[in-house]
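Before any questions on binding or motion, here is one chain by itself as structure tokens, the form predicted on its own.
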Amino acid sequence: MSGEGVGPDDERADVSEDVAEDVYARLKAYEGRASAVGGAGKDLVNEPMIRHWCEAMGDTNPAYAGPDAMAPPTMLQAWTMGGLSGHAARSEAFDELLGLLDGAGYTSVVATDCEQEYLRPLRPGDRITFDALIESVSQRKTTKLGTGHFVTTRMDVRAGGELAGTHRFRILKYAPAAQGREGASESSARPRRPRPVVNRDNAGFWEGVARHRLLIQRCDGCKTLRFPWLPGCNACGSPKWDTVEASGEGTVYSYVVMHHPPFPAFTATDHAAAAAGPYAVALIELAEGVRMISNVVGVPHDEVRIGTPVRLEFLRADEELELPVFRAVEGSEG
């Protein structure tokens, strides 16, 4: 390539674009191909799993218990999951697609969102089968995490051979963005936590956080407390509500320790941790009875235990973001 005003950097850019277009054309060829064929749920829809799900989610809807119980619709994917041993139904095409993305340098992955459509209720005893396909691969996109491609799969879930729902799952396979610049200030180079999604249904919660108040919704009709914030009451359906301020006392109801992939933003701003590494994500049961997901700070990740008493504090993650977190109470037994 030659011409006036065209230098080596321009040539490299053109070559890079050519390579990206070639990779995209190869990725697009996988659209419509099966990612799972003839999959079967490892368990029938069953009452114990429904009960465990409802207890974990704090969902007391009477439709999910009793002789005519149905499964919560959002459990749709749960009946298809293969556990640690996986599913034999996974196709070679999906593995090939991921390998192609890895080979092109998009080695990191993050789940971005899912969409579900419910066509009929699932009830105990239903036998679940499913098929899935690679629905779409996006053009190359640049995000704050890095540059890569969004891959969407669609799973059709059947009960007794009848279509019960669809589950679309989207991931981003990407090459991580460079962390900071040479000579950049510490604040500008520091990894930033993802921004929470603030909308009209939960704006009041984040306004409370800005004032260092943890607000819980309370139904005007039946006085049931609820968290996370919702536009209406799950117990009675009333759309009217007010708030109560949480005392800030609670206990660890359940927790997981995140080891991989490493995400420095979740420890770089934690004054209990000096560097990126594993961190604890906990389901906190507040003294008021509702539960919320947050981080446990002030104790090493491997010392967090179910039942650990914790106390609310507010963490300044960066110049724009403040978050409610929970500090393990000193002297508590693991």
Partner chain sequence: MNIDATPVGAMGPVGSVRTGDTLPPLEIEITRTLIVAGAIASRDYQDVHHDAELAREKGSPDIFMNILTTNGLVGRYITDHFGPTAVLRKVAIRLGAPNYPGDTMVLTGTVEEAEGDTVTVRVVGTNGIGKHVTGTVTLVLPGGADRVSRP
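Please read these numbers as outputs of a predicted model, since none were measured by experiment. Numbering follows the first chain given and starts at 1.
FYI, the form predicted together with its partner chain isn't displayed, but the following is about it.
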Look at the stretches 153-161, 195-203, 80-88, 241-249 and give the one with heavy atoms within 4.5 Å of its partner chain in the predicted bound form. 80-88
Answer with yes or no whether A111 is in contact with its partner chain in the predicted bound form, where contact means some heavy atom within 4.5 Å. yes
My question is simply whether G39 lines the interface with its partner chain in the predicted bound form - judged by any non-hydrogen atom within 4.5 Å. no
Is G208 part of the interface with its partner chain in the predicted bound form - any heavy atom within 4.5 Å? no
4.5 Å heavy atom contact, D59 and its partner chain in the predicted bound form: yes
Using a 4.5 Å cut on heavy atoms, which of L230, L119, V257, A235 is close to its partner chain in the predicted bound form? L119
Residue among A265, L44, A63, I293 with a heavy atom within 4.5 Å of its partner chain in the predicted bound form: A63
Should the three residues Y30, E96 and F130 be counted as contacting its partner chain in the predicted bound form, with contact defined as a heavy atom within 4.5 Å for each? no
Heavy atoms within 4.5 Å of its partner chain in the predicted bound form is the criterion; list the residues of 147-171 that meet it. F169, R170
